[in-house]
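Here's a solo chain for you in structure tokens, the form predicted alone.
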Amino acid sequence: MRYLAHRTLHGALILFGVSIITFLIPHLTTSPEAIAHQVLGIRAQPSAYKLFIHQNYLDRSWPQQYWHWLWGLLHGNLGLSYNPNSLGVPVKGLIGANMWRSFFFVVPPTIAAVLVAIPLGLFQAFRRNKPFDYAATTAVFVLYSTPAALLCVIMQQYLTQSWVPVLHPQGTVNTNAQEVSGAAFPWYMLHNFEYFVLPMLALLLLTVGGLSRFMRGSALDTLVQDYVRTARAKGASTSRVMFRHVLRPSTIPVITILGLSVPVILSGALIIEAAFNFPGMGILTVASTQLNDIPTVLAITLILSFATVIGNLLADVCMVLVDPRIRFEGRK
């Protein structure tokens, strides 16, 4: 508990620092007058510009603006949108449904990637320098080095036309997915799976490459340990050595990497969502950035940072459960 409390406090301090940086960058690079002109248009009255700047605290000092924003954030108020199409709409409402749709989009491919990467890396380690290892390594390196945008284009242009024409290359552009609430979205995805297979497959392929490489390297390090050699010398079968002596200690670095990979997975998911017209945080992020919707961009950045900290904290919890040495060190 002391170890986890220390990690939680560390994560809270990181979030506090991120909130300061994400708040200052847009406000230091854009003047209040420019924000007001972009939101209200060039035909608005000067009094409307002044009223907008005053109502949004843009005429105050940086510490006052930050404290006003942070106080509202602590009370669940993420501010009002600057988007001309949703001017004055609470950012919390804009993000709510999109965030849950993105959550149901990211979690299944990530779980599937872990379930594929761990046995794949383990079998590669046991068949090191064999044809299976060479073939898997080549495929993994190609996937790991392919940008998310390029992979989406390849899948849209070739996969749907040559191999699986029933899939829709443009994703959910022709559906009413944006009207489905978060709780009902998983059932909607199951009933319209042909629209969601490609984006979820793209996220799975982008995630499985790095995880399998780390699993392979960790398993190779475990195979040379004395207790593994002793088990083999006693006549233990390959399957017993693999699953009883190598699997558990080899997953510890993978758990750490998975927690650190949360921002990479989320950023890749945003690109994939935008490429396949998925009604989630990706399209909202692109639109908010293009229209200089500062409150929405700040909220999305903070949510991604919070997800990153939570991912690292969950990785620490899993490491405590998997590796008893961390518990013993915490007691000392």
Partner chain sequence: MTIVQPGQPFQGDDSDRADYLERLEPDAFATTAIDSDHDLRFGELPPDGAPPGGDGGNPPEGGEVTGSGSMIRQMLRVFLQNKLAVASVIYMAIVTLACFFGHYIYNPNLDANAALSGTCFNSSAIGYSGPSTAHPFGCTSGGIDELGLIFFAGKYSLIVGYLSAAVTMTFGVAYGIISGFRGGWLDTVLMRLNDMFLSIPGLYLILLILTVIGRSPTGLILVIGGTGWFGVARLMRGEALSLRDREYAQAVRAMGGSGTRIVWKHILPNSMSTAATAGTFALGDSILALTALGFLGLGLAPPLTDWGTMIQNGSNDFGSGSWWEIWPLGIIFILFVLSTNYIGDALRDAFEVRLQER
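Numbering follows the first chain given and starts at 1. Since we're looking at a predicted model, the values are computed, not measured.
Here the subject shifts to the form predicted together with its partner chain, a form of this protein not shown in this document.
- Proximity of residue 290 to its partner chain in the predicted complex: non-hydrogen atoms within 4.5 Å are present.
- Its partner chain is not shown here, and in the predicted complex it never comes within 4.5 Å of any heavy atom of residue 314.
- In the predicted complex, residue 214 approaches its partner chain with a heavy atom inside 4.5 Å.
- Though the partner is left out of this view, residue 47 does not reach within 4.5 Å of its partner chain in the predicted complex, counting heavy atoms only.
- Contact check for 194, 201 and 239: none of the three has a heavy atom within 4.5 Å of its partner chain in the predicted complex.
- Contacts of stretch 1 to 40 with its partner chain in the predicted complex, defined by any heavy atom lying within 4.5 Å, are made by 10, 13, 14, 17, 18, 21, 22, 25, 26, 29, 30, 38, listed in sequence order.
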